Structure formats: C-alpha cells, structure tokens
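The form predicted alone is given below as one chain in structure tokens.
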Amino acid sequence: MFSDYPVPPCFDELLTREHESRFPTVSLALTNLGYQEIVDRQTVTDERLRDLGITFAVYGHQDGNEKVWPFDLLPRVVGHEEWQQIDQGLRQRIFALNLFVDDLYNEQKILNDGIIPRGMIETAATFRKECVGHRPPKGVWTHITGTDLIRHEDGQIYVLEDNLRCPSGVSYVLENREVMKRVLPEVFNGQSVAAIEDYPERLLDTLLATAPDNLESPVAVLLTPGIFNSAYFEHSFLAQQMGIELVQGPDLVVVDTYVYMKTIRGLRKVDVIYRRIDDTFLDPLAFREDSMIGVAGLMEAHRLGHVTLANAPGTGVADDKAIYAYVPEIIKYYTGEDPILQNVPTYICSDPAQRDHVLKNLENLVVKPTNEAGGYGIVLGPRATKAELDECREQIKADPRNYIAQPMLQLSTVPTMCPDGVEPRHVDLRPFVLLGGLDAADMYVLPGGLTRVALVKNSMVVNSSQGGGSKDTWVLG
C-alpha cells in the first residue's frame, strides 16, 4: 500500500526517509486490508458522516456555510514513550498558565518582578479589567485547554499556540474514533490503542469539581450561542454525552445574584456553566451592551462565587500570541522547572529591535495577528507576493502590538487518502487538557487529540475553515 508513497524531505509520522515504518504493526494492518478496500470504506465513511450530521460551519463560503466534517481514514500514530513526554509537558504548561492567569488578576507578582513587561498585559485585547481581584472556585481558570503542537523537520515537537478560551474540536476526536471502529475494525486487531471514550465523563467530573462550595448535587449546563455558530454540532454533542442541558442566553436568568435555568416546572438553580460564548458577549451589563446571546448579571454572579464559568472569563490573555513568547519564562517562574515542550522561536513586533529584524526579513518569516484564530490573517513570507508583503509591512508599522513573527517551520506529514493515491499531507495535533483543581490528580490529558490535516497539496494551513480535515490519533501502549 505504501510502496509508491513519496516520502517527503520533512519528517513523516509513519515512514522514515529509508521507507521503513515507524510503527510496523499499524502499517501491516493497513497493507493487509488493501488500498482499494480502504478507498471503498472511505466512501462509506463520508456517507456516514453526512448521515449523522457531523458538520462544521465556514462563514461566507461560496458553496454554503455548513460542511460535512472531512475525515481521513489513515490514522496518525504516536508512540508510547513520546506521548509520555508530551503528556508531562502539557501538564507542566497548563498548570503554570493557570497560575499565571490567577496571578495577573490578583497579586501580579510576575509583572512586579519584571518577568513580563506590564505594558504587554495592559495592551492585551483579551485582558479583562472586570476580572481583577477575582479568584474562581478551587483557583481554576483554565478548565479546558486545547494546545496546538507541531513537529518540525528536525523531529522535535513544538508548541505552536495555546487555546484557553473556548477551545473546540474534541467532539470530532470522539466521533473520529467511533467511525474508525465501525468502518475499519480489523485495523485495531492486535493494536494497543489508548482509549478516549471516557472524555465526556471526565469533562463533567471536571466541571462539577469546580462548582461553588457546599453544594450536594451541583447542576451544570452548556451555554451555546445557537445553531448558527460554527461549533454548534460540538456543543449539542458534548451536552448530550454529558447528560446536561444545552441552553442559550434567553434560557437563563439571574435572580438575586444567582443563576437559574427556565424549565417547564419553573426556575432551576445552575451552579456551573460550560460556556461556549466569547467573553465580550457573556453579559451585556459587564461587556458589550448589544449582546443578544449573553445573560444580564452573569458576571456579578460569577464574581460573587455563586456560579462557575468554564473557562473563566479573562483566560484569553494567555491566548495572546505575544504573551505566548513569554511562556517558557512563565513556566520557570511558577514551577522552577525548564519547559518540557519548547516554543517556536517568536519575534514580538512591539519590541523595536525585534520589529526591525522582522521588517528586514519579512520574506522568510510567518507573520500572525496576536488575537486572530482559525488561520485568518496569517502571512506566509516565503509564499507571499510582493504586494502581500508590502501590505503586511505597513500593517506591522501601523500596529506593532498586534503582530508577532516566527520562522516558517516545515510541519510533519502523514500518509493521507488522496484522489491519486496515498500522499503525504501536513498535520498538527491539538491535545485537550482538563483541570479540576490544583493537585496533580485533578488534571487529565486526553491521549492523542485532534490531528488536523491540510488536505490541499503542499499547504501548511490545517484549519477546517481553510480547507483542512482530520484524522484519528492513536497513542500506542
């Protein structure tokens, strides 16, 4: 099956440059099944995803907003020892970032000690003054985190960015595995693949663990913007899997600083809200007055400790790509340890010397807005036209705080089913981390995570909104 596979010059996750398999049992299982059989089952898979309504939305697309989730049957495999290192690195990173967010909104020791310039925080678009002086139940701000990892051609894993606001994609991880087990059950025979099916239960336990104190049976709900949100499938899927109510803003009301859900039997008190709404739309009294999807008075209830919001408002400050550059120092400051997982080298354009370097080497760098997501606003210097580089240069000069730059890393590849056969396509990985307290036992790292694949040949952009798809991620025992 892989005899004609064109192993690229970068790192391939399955085959070495000598065309030897890194995971022989997986390669053998796929080869024994046969290429044409997998092609046929890929067709069945696409039909199944459509029939199940597993979709995502791309706003403003010429072919319509709602798309069937693109899924490739050939799995991405991670070895046991390597995963152990990734697991430990994620635990270290998320633990430190949670302490960092807590510190920023309270004592600000890290700013007073000069580890991060105070102006960098004060100019962050996601720093919420409304959260200053607040500490959520159990000290947990970052209940659910999705951290994007990539592998460079040197074989090393790097952290590309952190997502601590409303990270999405875990529903597709679970559905990918379910589809794989139904469509390619033979491939699992003889493999020791880490289970992921208990994630909804783990997520619910995390939410309830951070409920306000002294509650015998706390009630959790999932707050969604509604059916037109790009991640609505995930919202409804997770609520159903956890056995909690899926609600919208008008379904909730704040009475005497407590949150209640409207039901046919009257009001029912809500203690934990897994919110999938951005900070600025959460509460029209605290943030945007024109928000029609939030709940008036929600922030006051949150600040008084009467309801837990997961993730807590204000965590987006750690998503800022300029703050990302300081995460190695953040880890060292709060844990006393060197980072287990490395950052991609990053230039902060608000720093005059670093900005000068970026402007002089724009054609060799990747420029990113500090608070965009979904792959929007990125300029790939080596692939950009002169006009695009000139426009980017002017944008950096006009608002340097809004941009960072990084060297263009060569993402690793994975064999992928393509119209002309099995071909390499670039991938990244988004593991999900749950934090229900400040003890080691309160943290859970989902084995594997969401492997996103750039289905367009030679593309490095893996985001589903930009034409990317996904694969099942196997962590071997």
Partner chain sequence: MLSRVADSIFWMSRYIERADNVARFIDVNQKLTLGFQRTMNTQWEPLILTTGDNDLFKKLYGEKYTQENVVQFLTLDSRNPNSIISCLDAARENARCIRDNLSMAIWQALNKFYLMIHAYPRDSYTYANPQKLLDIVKDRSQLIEGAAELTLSHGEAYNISRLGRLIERADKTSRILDVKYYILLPRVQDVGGNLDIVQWAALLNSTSALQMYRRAHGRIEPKKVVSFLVLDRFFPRAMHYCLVHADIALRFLSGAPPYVFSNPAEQLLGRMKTNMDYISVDDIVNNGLHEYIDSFQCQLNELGVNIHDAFFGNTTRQSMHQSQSQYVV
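Small disclaimer: the values here were computed from a predicted structure and weren't measured. Residue numbers count along the first chain shown, from 1.
What comes next is about the form predicted together with the partner chain, which is not displayed.
> Can you work out whether residue 228 and the partner chain are in contact in the model of the complex, taking contact to mean some heavy atom pair no more than 4.5 Å apart?
The answer is yes: residue 228 has a heavy atom within 4.5 Å of the partner chain.
> Does at least one non-hydrogen atom of residue 240 fall within 4.5 angstroms of the partner chain in the model of the complex?
So residue 240 counts as contacting the partner chain.
> Even though the partner isn't displayed, in the model of the complex is residue 264 close enough to the partner chain, meaning a heavy atom within 4.5 Å?
Yes - in the model of the complex, heavy atoms of residue 264 and the partner chain come within 4.5 Å of each other.
> Look up in the model of the complex whether residue 244 has a non-hydrogen atom within 4.5 angstroms of the partner chain, and give yes or no.
Contact with the partner chain, yes.
> Given that the partner is absent here, state which listed stretch (73-81, 246-254, 281-289, 312-320) has heavy atoms within 4.5 Å of the partner chain in the model of the complex.
The contacting stretch here is 246-254.
> Can you work out whether the partner chain is within 4.5 angstroms of a heavy atom in all three of 48, 53 and 233 in the model of the complex?
Yes, the whole candidate spot contacts the partner chain.
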